[in-house]
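Let's start with one chain on its own, the form predicted on its own, as structure tokens.
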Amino acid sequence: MEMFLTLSGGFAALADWKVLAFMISGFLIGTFFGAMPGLTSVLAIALLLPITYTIDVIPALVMCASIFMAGMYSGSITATTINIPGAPSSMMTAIEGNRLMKKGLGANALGHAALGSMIGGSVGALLLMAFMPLAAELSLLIRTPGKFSLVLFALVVIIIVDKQNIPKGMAATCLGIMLATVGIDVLQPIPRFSFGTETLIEGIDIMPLVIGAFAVSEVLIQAQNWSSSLGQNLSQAKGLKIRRRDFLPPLSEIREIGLFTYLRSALIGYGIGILPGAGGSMAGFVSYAVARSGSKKPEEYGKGSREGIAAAESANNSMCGGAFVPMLMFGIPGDPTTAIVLGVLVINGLQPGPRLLENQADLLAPMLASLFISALVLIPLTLYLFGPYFVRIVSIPKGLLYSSIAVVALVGSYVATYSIFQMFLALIFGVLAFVMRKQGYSTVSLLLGFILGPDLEQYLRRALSLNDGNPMIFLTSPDSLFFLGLTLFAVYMILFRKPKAGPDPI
């Protein structure tokens, strides 16, 4: 009952015009960045991170949630219209949506993508709100050795989820952990790796790392990868004529897809969102594959399947709700966007953990309400009202767009820290991330290593001190043993288990 009242207060908070303005602004910003090929909601929140220093925590979190939800769905716009996914999570939508676009049914495909996103996103947000108290109670059972094993589990899963680049994932994660050790020791007031300079004693702020890794490096990547074929596709987008009523999918097609497909995809997306590092791409792909294997019309897949669009979009938007669970309860981000939202929490003095829901639920409730409202109401309304204009977002000159992003990124890193040194760090990390991405190293692993590294070290040292330095405490504590077993299970399932014969490749 108390939780219900708290959530009701969260919805009531959205009635404040200032909070509502931040939610709508966040939704439009998320839509813009999600629809632009190469830009993502991760970049949007990274650029807006400095603003969170100057506004209250509730508007900041509400804006982040609406950016997350809008960015996840709007990737389907360019995926459908010009076959270039605005976000990696829209890859499967591009396969089916663009086929429909070529048949003259682009608006219909966008309508199904929006409907799937709306159902999946709202189900994911409801599951998040319903099971958050249970997750908080369970997390109280985890003690220091278990917390170390949990963080270890998260790092291992993040590294092995990309089976082709495990050594590079390990290297990027270790580099992030090493960067996190610069500054004051996590348990004692002793400076480390400061090299005698006062500047490094303060440590490396998360701001320059986020802006450098996700904004500066993106500008460098886009500057290098300018494609003439993309210009041709953008010219085609300028000439598209889509009517608003075309966005509304017929009821007969919705019935054909079936409520079960939407709900099953939403549950798949929510479950995958809880896994650290999995993200919307995996959610969309797994749900798409499951829907295709059980479809009554598998022959339509690859040729413009509305069911495939609904399955992929329901799952990747439902993932948003799942990704908040480990981030809020354990401080372990479920995907890159929640990793930056975690930074917003920390900047505003909120420490993730079971006590966060117990003591500061009134601050989190508007964010959860924003996630639900963004999915339930604004997606169909915005698509219906502004859909034809969103299709033309890609016609914005790239030179103007990316030069503006570069200026905002550097100014933002300075305004957030008031430190020239931290601003130069953003540039250095930007170049480092650019080189890493070109060589196939994951910048997400770098960021998560930086965020989780201090927790890993802190819980390791505390657990060892509790048992006089004997590491057997990790094998004798039931909670620690559970997560170590879970780690081995994840390694087996991802690396060694032979996949079953799947559907024919497209």
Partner chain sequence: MNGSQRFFRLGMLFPLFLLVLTAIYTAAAFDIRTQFTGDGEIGPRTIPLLVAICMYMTLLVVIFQELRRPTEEDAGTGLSRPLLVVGATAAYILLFRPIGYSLSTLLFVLALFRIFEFKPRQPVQFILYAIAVTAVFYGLFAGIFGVRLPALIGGVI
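Keep in mind that this is a model prediction, so the values were computed, not measured. Numbering follows the first chain given and starts at 1.
The form predicted together with its partner chain is left out here; the points below concern that form.
Contact check at 4.5 Å (heavy atoms) against its partner chain in the predicted bound form: none of Thr144, Val151 and Ser281 pass.
Residues placing heavy atoms within 4.5 Å of its partner chain in the predicted bound form fall in a single listed stretch, namely 175-183, out of 122-130, 366-374, 99-107, 175-183.
In the predicted bound form, at least one heavy atom of Pro189 sits within 4.5 Å of a heavy atom of its partner chain. Proximity of Gln224 to its partner chain in the predicted bound form: non-hydrogen atoms within 4.5 Å are present. Of the heavy atoms in Leu475, none are within 4.5 Å of its partner chain in the predicted bound form.
At the 4.5 Å threshold, heavy atoms of Phe285 stay clear of its partner chain in the predicted bound form, well away from it. Proximity to its partner chain in the predicted bound form, taken as a non-hydrogen atom within 4.5 angstroms, holds for one residue of Ser293, Ser404, Thr197, Gln351, which is Ser404. Among the residues Leu259, Val346, Val431, Leu134, the one placing a heavy atom within 4.5 Å of its partner chain in the predicted bound form is Val431.
Counting a residue when any of its non-hydrogen atoms is within 4.5 Å of its partner chain in the predicted bound form, the hits in 452-485 run Glu457, Leu460, Arg461, Leu464, Ser465, Asp468, Gly469.
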